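One chain comes next, on its own, written out as structure tokens in the form predicted alone.
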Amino acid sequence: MQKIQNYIDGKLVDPRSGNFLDNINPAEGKVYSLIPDSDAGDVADANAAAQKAFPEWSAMAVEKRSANLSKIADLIDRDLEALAVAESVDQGKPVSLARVVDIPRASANMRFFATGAIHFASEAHITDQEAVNYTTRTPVGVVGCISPWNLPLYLFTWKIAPALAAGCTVIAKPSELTPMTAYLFSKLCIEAGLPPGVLNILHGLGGKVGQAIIEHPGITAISFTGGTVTGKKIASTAAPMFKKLSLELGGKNPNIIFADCDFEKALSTSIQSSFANQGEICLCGSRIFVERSLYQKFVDAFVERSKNLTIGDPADEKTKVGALVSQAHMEKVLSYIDLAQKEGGRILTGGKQVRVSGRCANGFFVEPTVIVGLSHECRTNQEEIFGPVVTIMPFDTEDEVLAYANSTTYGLSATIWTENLKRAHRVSARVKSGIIWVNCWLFRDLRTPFGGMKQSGVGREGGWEALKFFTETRNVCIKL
């Protein structure tokens, strides 16, 4: 049985307690490795290492920091296949998806912020020819980065890369459900020669080690991606301590399809935005609104495409829909499908757990599920399900669909399909979401700000926004 270890002060170590937790392969439904059951003592060790490393790392020439991070990106590229397989085994996603999305993006995150930090510039102002004001940005100190289970290495690096590039030292916690690639990443850091204590990776339960990270007075900022309920708990602890907070939380994203869309592109991309990664992406378009004149044609074609998606062993190159991350999450998704029927919804396809033959007979698989006949106000359309479940509803006017789209407490992303440029701008301006995709989905430029409105989060990640978050701003005014 493989035993994962923490990464503290440049070394792989067991947790102080000596206790370990089961790590389950979701496609097989069985334990395949053990992860540290870390606690506040491990956080104290990691903080001591990070505090010790901070003066040298923060003062290091940015070009040298950049070279450290770029070396890690090179090693991710080298180990792409092994990391993709590990991600698939640990999370349940098809290995083909991890190979082309998760692992390449993890490398891109490291490389983007490694080079971005070199080009970071501050402002200067001449005040009435009497004074010069200039702005400096210095790293905030030791920071905590807590990442989720749906895109494990992808979002783990999205957190730590800008923090390290900005000159902070980091205590990072990956999800206890998907720890493997973060553990493999720690080995790459050792191989790359990352100075001890600069990055520390702790594994374990959110309520134990995660809470200890949030509470520790030596940790000055928290960057978290995960559920809105957990985000509220983090804010309630960290905000009274005046820690900087970046919270990227849940979504219940509208996918708005007008009758003048490019039908084939809207259809094929909507299949992807509904069921990619088993629907376990905070950006998935789980509420599909279709203009009434196109509604039936779209529903018929969408259902047919959904039925043809291959569900099965994530290691099979033909698989499009893998396993959900855990039994508990599978049961949650199935409970929402049951709720949708009680609320008057009709299931046009899917709705059941799938029994896959062979080694995956005990895995956590759910059919891609399409539901119609629901009100936009029902719980199924208001609460985040985070699985392969979508609802489709008709609309008649822009005002009507905007009311539907904006009716939830979330505001992370939205997708709009139309060939009318004026409409694209008009609707984009009125949808209350932090990210709007027009005639595409998940098309990312890492320079752009990423984050949501309402209960989808606080702050923005990506580009200069991320580097600014991990730094403190200082104005210096010199009288001439």
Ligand code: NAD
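Keep in mind it's a predicted model, so treat the numbers as computed, not measured. Quick note: we count residues from 1 along the sequence shown, nothing fancier.
Note that the form predicted together with the ligand isn't included here; everything after this is about it.
- Here the marked residues F386, L412 and F450 all reach the ligand in the model of the complex, each with a heavy atom within 4.5 angstroms.
- Within this chain, Y295 is remote from the site of the ligand in the model of the complex, having no heavy atom within 4.5 Å.
- Interface membership of D102, defined by any non-hydrogen atom within 4.5 Å of the ligand in the model of the complex, is ruled out.
- With a 4.5 Å cutoff on heavy atoms, E291 does not count as touching the ligand in the model of the complex; it lies far away.
- At a distance threshold of 4.5 angstroms between non-hydrogen atoms, S274 is out of contact with the ligand in the model of the complex.
- Segments offered: 123-131, 75-83, 172-180, 302-310. Contacting the ligand in the model of the complex at heavy atom distances within 4.5 Å is 172-180.
- Listed residues L155, A165, C360, A405 were compared with the ligand in the model of the complex; L155 is the one with a heavy atom within 4.5 Å.
- The contact residue chosen from I146, A340, V198, A106 relative to the ligand in the model of the complex is I146, the criterion being a non-hydrogen atom within 4.5 angstroms.
- Looking at 236-250, the residues that come within 4.5 Å of the ligand in the model of the complex, counting any heavy atom, are E248, L249, G250.
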